[in-house]
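Single chain ahead, written as structure tokens, the form predicted alone.
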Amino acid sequence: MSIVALFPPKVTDDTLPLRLVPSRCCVCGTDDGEPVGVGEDFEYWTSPDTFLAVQCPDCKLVYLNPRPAVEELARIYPAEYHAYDFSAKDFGLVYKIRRRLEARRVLAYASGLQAGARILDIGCGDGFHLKLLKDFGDQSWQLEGVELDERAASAARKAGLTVHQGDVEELDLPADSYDLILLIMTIEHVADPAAILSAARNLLKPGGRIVIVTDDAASPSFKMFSGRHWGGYHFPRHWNLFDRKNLGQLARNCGLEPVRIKSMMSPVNWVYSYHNYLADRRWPRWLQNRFTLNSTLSLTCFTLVDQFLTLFGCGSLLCGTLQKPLKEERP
């Protein structure tokens, strides 16, 4: 999710440390996580800080503790952050391949929706997934996005999309109105996933569903690189990382029914894990660049790897379908 603050921070010098604040498990509330990984911002080098990933001993959530303070968001999401403008111009063949793959996925998320259905994408960035629904979905669907970053929201609006700028918890959106809400690579970026899910639940019609796509903190790539270089850490931008069990528990905590939480293929965490390893050791830049979102070869190779692992339920991502009950439970 693109979550840069609406106002720039007073300090933008990337040689100075960030202001960090303590955090706790968003699923069970405990604050005695055990260290599992430590690393730096290997992708953008927005600060000289070293960041600590810990794992809750009870529900096994992996989370950043401490994490950057809210006023640091503009710094850790720099102007060149990839979600601001993922375009064919900058990403070429990778853009075309991803567009085709993601079009199939978002249409599957929307399967069964009636004409005129209302869809909301929370953390829509530059509107990439909304544009896919607009181009390939039912033309009667009402498409809307929520985006905190002003630049990303502006890019989405220029593409003709309806985007509400701000925190979904604070926006004046109509309750019980949406048939489908998407949180695609969003929930791992936010400080309070339970608040986001609760707000989304309130916006859903009874029987409506939420689709969450997020990194799997029980995947083979995590187990292989968790000590320092796992791409899913995305230091310091990913604050909460789930597995199937604790994602389902978070959903139930928010009054949602987990219909299905399945494994999904993605090469990105593999690619960035190797990139981070090379960057950490200051290998030549040309070699580091062979493992980025622009590298067709490495993305292709690890797509095949993760596609194979997905056959055994071990892909790099989780895709959770959650449903709002048709009837409210009464005490």
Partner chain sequence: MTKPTVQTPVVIIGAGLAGLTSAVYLRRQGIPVQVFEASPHLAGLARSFESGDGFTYDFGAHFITNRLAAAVGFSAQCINVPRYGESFWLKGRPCRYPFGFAQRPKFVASAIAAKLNVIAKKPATAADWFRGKYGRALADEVAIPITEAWCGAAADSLSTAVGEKIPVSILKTFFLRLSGKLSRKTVAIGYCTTLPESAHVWHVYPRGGIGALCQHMADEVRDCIQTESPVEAILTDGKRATGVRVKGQEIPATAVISTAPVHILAKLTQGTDLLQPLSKFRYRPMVFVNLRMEGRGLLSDVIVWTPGKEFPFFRLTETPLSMPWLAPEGKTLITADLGCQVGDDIWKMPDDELGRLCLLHAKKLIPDAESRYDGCRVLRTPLAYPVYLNEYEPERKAFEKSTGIERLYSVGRNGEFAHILMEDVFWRTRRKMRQLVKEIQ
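Numbering follows the first chain given and starts at 1. It should be emphasised that the depicted structure is a prediction, and the values quoted were computed from it without experimental measurement.
Omitted here: the form predicted in complex with the partner chain. The next part is about that form.
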May I ask you to choose, among Leu287, Met264, Ala69, Val38, the residue with a heavy atom within 4.5 Å of the partner chain in the predicted complex?
Val38
In the predicted complex, does each of Gly33, Pro48 and Leu52 have a heavy atom within 4.5 Å of the partner chain?
yes
Which of these stretches, 175 to 183, 150 to 158, 221 to 229, 254 to 262, has heavy atoms within 4.5 Å of the partner chain in the predicted complex?
221 to 229
4.5 Å heavy atom contact, Leu20 to the partner chain in the predicted complex
yes
